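First, one chain by itself: the form predicted on its own, in structure tokens.
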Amino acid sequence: MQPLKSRPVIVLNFKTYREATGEGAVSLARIAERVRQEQGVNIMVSVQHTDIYRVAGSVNIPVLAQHIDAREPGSWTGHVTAEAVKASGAVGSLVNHSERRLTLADIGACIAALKRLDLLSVLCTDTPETSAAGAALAPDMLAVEPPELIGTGISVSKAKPEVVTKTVELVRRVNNEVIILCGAGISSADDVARAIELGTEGVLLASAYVKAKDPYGLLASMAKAAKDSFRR
């Protein structure tokens, strides 16, 4: 599996929702796998640490951790290393999600640790300026998410399109290789299409998918919108 071989990219963050814990995580990941196969869109899932092994052993799509700590293996009780998530079957990790913020030094250390192990880094940022600073650390992907819109159902691509376009502009001055995503409030196929029209290469979303009455229908429509917009 080559997680970054194709665009657009949809990253599904399962967070710690009850619906996405244990067998629920497997079920949602299998739906994502089906849509990925049917639509040919690069879909990844980010699951709780306790579900990485379970999910990675059940599906053939990229599985990401939701966080790693900036620690080498050793006497760090309660911490999670890059080595540990790789051993569990993850192909990478989110870094610095708004619900798990890190210092700049720790962000750099986490990205370096992931690179050393040939794992993907998905750096989360909140403004165009922090996105540009983060791009200098050379993550594989960068997802801009204004925290005030996360979980609201009000998408950044519609409510604050200038955040997306400015992020793309500033990041590209620093790094032409990083895959730029946007998140926060992404909840419909139209939100996904708009995000890509604004210059991103995909989206990061969570509750809209995890809590959907019809997660397959929602994700299939999002994947189609992403594919169609990216082609245009």
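One-based numbering along the sequence shown. Because the structure is a prediction, the values reported are computed rather than measured.
Same protein, other form: the form predicted together with another copy of the chain, not shown, and the subject of what follows.
Just one of Q37, T165, S27, T50 has a heavy atom within 4.5 Å of another copy of the chain in the model of the complex. Which one?
The residue in contact is T50.
Taking another copy of the chain as it sits in the model of the complex, is Y17 in contact with it (heavy atom to heavy atom, 4.5 Å or less)?
Answer yes; at least one heavy atom of Y17 falls within 4.5 Å of another copy of the chain in the model of the complex.
Is the gap between Q66 and another copy of the chain in the model of the complex 4.5 Å or less for some heavy atom pair?
Yes, contact at 4.5 Å.
In the model of the complex, is there a heavy atom of another copy of the chain that lies within 4.5 Å of any heavy atom of D140, even though the partner is absent here?
No, D140 stays farther than 4.5 Å from another copy of the chain in the model of the complex.
Classify T125 as contacting or not contacting another copy of the chain in the model of the complex by the rule of any non-hydrogen atom within 4.5 angstroms, answering yes or no.
Yes, T125 is a contact residue.
Would you mind picking out the stretch of 66-74, 177-185, 29-37, 193-201 that comes within 4.5 angstroms of another copy of the chain in the model of the complex, counting non-hydrogen atoms?
Going by heavy atoms within 4.5 Å, the stretch is 66-74.
Any chance all of A56, N60 and S221 sit within 4.5 Å of another copy of the chain in the model of the complex, going by non-hydrogen atoms?
No, none of A56, N60 and S221 comes within 4.5 Å of another copy of the chain in the model of the complex.
For the heavy atom contacts within 4.5 Å of another copy of the chain in the model of the complex, list the residues of 101-125 involved, in sequence order.
Heavy-atom contacts within 4.5 Å come from R101, L102, T103, L104, A105, I107, G108, T125.
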